[in-house]
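Next comes just one chain, in structure tokens: the form predicted alone.
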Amino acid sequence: MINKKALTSEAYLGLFLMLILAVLGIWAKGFYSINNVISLLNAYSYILIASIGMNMIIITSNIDVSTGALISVVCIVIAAFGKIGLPFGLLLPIAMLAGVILSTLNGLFITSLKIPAIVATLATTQIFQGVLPLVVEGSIYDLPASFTWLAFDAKLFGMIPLSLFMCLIVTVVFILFMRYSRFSKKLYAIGNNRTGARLSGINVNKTIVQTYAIAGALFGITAVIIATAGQRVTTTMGSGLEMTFIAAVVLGGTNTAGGSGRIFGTVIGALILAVIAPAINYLGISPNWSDAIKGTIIIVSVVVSTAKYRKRKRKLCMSAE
């Protein structure tokens, strides 16, 4: 029953996406030009990869609002290595490792120090944002051409960005992982009832830390795609992106209270979010509306998600009686 409801929700979301794309095809001249579509797909790739990590965190009834600042740190880290000429093959694992370390710290603060996730990640946001300017004066620039290989040279069939192919691999792997792995069952159990999960033998704290670590690896991949888009990397490359990732997850139907949500919904939600900014630009609307629309999406999605959760809970209570 729940799977059918989730599928229906995703179907409606897909129809909404198709409506947006149809409207843009009619009123936004040039929106479907090759260059714009490639740029949109590149943005979609990093939004979706990070949103998958955020989705896993939210399923456990936690949150990470430090993601944007964390990505900024990882961008600077790989820029420093890129400056000395390290190839992409080494930059990617370095970024993933840095993401794992920083995100694991969030998980440890939440589990070991018993700090609420929103408070812990707000604190690390301030730490990341405070430390970066002390280490780097604004940006790292004049990076070698090898640093931008992913953005400019790595194209399949001379057209499709490799970043999109990376996104496809990550998405398929995590759809299967969340559907069939034992670990994913633990995430849903923790999100639904943390005490019950603990009593059933799940090491809740360890699982939460591992979830943040896995998400951190995905945030690291996202940082690589963002940082290598040019020969200058600033200390604010990821600022504010966490709201986009959270919006993609809740728009995709994941319950903000935890315990439910599927990656397929996040796939559609991320695409809608990736389309919004360029769509607003092509429609001649002020860019400020982009953030306002994302905020509205979060509010509406949370309200709908909460209403569904309460309805399901009432049904469960009635059936128990």
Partner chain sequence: MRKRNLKKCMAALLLGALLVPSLLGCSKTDTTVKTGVDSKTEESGKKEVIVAMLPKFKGENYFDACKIGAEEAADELGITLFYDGPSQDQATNQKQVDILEGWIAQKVNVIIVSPNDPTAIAPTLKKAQAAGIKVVTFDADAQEDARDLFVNQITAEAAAKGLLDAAARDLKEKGYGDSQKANIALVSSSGTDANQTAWQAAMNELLATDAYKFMVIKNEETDVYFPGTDETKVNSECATLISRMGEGEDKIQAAIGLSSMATPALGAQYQSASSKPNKDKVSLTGLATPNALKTYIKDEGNPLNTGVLWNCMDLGYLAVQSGYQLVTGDITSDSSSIEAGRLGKKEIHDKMCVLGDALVFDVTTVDGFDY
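For the two forms, the rigid core is made up of the largest set of C-alpha atoms that agree within 1.5 Å on superposition. Given the structure is predicted, the values throughout are model-derived calculations rather than measurements. Residue numbers count along the first chain shown, from 1.
There is also a form predicted together with the partner chain; it is not shown, and the following applies to it.
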Point to revise | Stretch from 148 to 156, 184 to 192, 166 to 174, 88 to 96 whose residues place a heavy atom within 4.5 Å of the partner chain in the predicted bound form | key: 148 to 156
Point to revise | The unique member of 178, 202, 76, 105 whose heavy atoms fall within 4.5 Å of the partner chain in the predicted bound form | key: 105
Revision key, fill the gap. Exactly one of 218, 251, 117, 226 comes within 4.5 Å of the partner chain in the predicted bound form through a heavy atom, and that residue is 226
Exercise for review: Answer yes if any heavy atom of residue 135 is within 4.5 Å of a heavy atom of the partner chain in the predicted bound form; otherwise answer no.
Suggested key: yes
Exercise for review: May I ask you to check whether residue 282 falls inside a 4.5 Å heavy atom distance of the partner chain in the predicted bound form?
Suggested key: yes
Check your understanding: in the predicted bound form, does residue 26 have a heavy atom within 4.5 Å of the partner chain?
Key -> no
Review point. Is there a heavy atom of residue 207 lying 4.5 Å or less from a heavy atom of the partner chain in the predicted bound form?
Key: no
Revision key, fill the gap. Of the residues spanning 19 to 45, the ones with some heavy atom within 4.5 Å of the partner chain in the predicted bound form are 29, 33, 34, 35, 36, 38, 39
Review point. Taking the rigid core as reference, does residue 61 move its C-alpha 2 Å or further between this form and the one not shown?
Key: no
Review point. After the core is matched up, is the C-alpha of residue 264 off by 2 Å or more between this form and the one not shown?
Key: no
